[in-house]
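To begin, one chain is listed below as structure tokens, in the form predicted alone.
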């Protein structure tokens, strides 16, 4: 009996040593500063080492597809639900067990559990509080108003959050209305767009632009560093018939070709746990997708505004149609 127990103990010990020597590899489409706190807490709790390969979400998804069974990736993290759903449709992921996935509401994960949304961001408007010409703006569709010519700040149309937002607006208002809206914004920016949301917030704070469309946390990060900045947050489309704010999620999927499934599942479970979700909220100021885990104190509580009723999987399913519309209008 003692010999058998010793063998079980040694087998477990060797298993842990093997995991430490052969780390989990994560292709991460998020900045390390947003993922590392979760990774470090996971490593400390489990003893499993993690190796992050950072890059653009779309670039890493294409890398995963091209590598096929040769990939070293055990997990894939994207800053966009659209890429996660496209990866699912390409058969790149394996389903997460329901015992793990079930803690995340169905509208924040794939129908077949091949990916989970971990944290959500809201598309909000940031305006310069010392400029009154944006007082009429209540909806994202007001950004096409000619009164904002030369005053509007948006990202280039390749930005994943931008694409996801257009998908939500198209589903809510239709292709024709959304196409006209894009054309109006195109006229208002006259080819001058930004490559980062943080630069949009800076431009509005400096008075170089009057209003911008960004992910909410960029505004609150700026205010954290510059509490006296002349910024006003506008939560759009909140009227009786308003569609609500467009959301998008960052999320995680397990590679179909991972040879370390048990460890990969442990990481997904940790990221979706209350501990992991609190870290995402504290570090990123995003909204945890797991119910009952509060957002950071600085951001508007989730129950304080209306969110567009669009399942996150639709962002991937409609991605090609959205890109076709953006290209048809010729958005910069």
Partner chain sequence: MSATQTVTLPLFNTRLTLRGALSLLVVLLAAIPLVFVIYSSLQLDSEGWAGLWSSRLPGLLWNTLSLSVLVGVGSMVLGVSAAWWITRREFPGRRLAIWLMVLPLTIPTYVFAHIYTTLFDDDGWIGQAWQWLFGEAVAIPDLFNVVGVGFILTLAGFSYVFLLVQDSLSRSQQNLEEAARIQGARPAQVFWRVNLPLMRPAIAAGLALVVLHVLSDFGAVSMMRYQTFTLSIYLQMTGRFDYNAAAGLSLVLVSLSLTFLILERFFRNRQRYYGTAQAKRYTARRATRFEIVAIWFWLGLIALFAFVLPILWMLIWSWEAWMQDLISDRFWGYVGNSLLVSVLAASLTVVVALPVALYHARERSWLSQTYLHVSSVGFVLPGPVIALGILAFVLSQVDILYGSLAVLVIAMLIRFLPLAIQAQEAAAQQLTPSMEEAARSLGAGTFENLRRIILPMIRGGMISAWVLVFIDTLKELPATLILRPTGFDTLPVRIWIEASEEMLEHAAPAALMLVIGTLPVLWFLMRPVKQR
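Residue numbers count along the first chain shown, from 1. These numbers were taken from a predicted model, which means no experiment stands behind them.
Not pictured, yet referred to below: the form predicted in complex with its partner chain.
- Contact with its partner chain in the predicted bound form holds for none of 223, 230 and 234, as no heavy atom of theirs lies within 4.5 Å.
- Contact with its partner chain, judged by heavy atoms within 4.5 Å in the predicted bound form, is confined among 68-76, 178-186, 255-263, 132-140 to 68-76.
- Put simply, residue 198 is close to its partner chain in the predicted bound form: some heavy atom of it is within 4.5 Å.
- Within this chain, residue 156 lines the site of its partner chain in the predicted bound form, having a heavy atom no more than 4.5 Å away.
- Mapping the unseen interface onto this chain, residue 304 falls outside it, with no heavy atom inside 4.5 Å of its partner chain in the predicted bound form.
- Residue 25 belongs to the set of residues with a heavy atom inside 4.5 Å of its partner chain in the predicted bound form.
- Distance criterion of 4.5 Å from any heavy atom to its partner chain in the predicted bound form singles out 54 from the list 41, 296, 54, 269.
- Contacts between 317-332 and its partner chain, taken as any heavy atom within 4.5 Å in the predicted bound form, involve 319, 320, 323, 324, 327.
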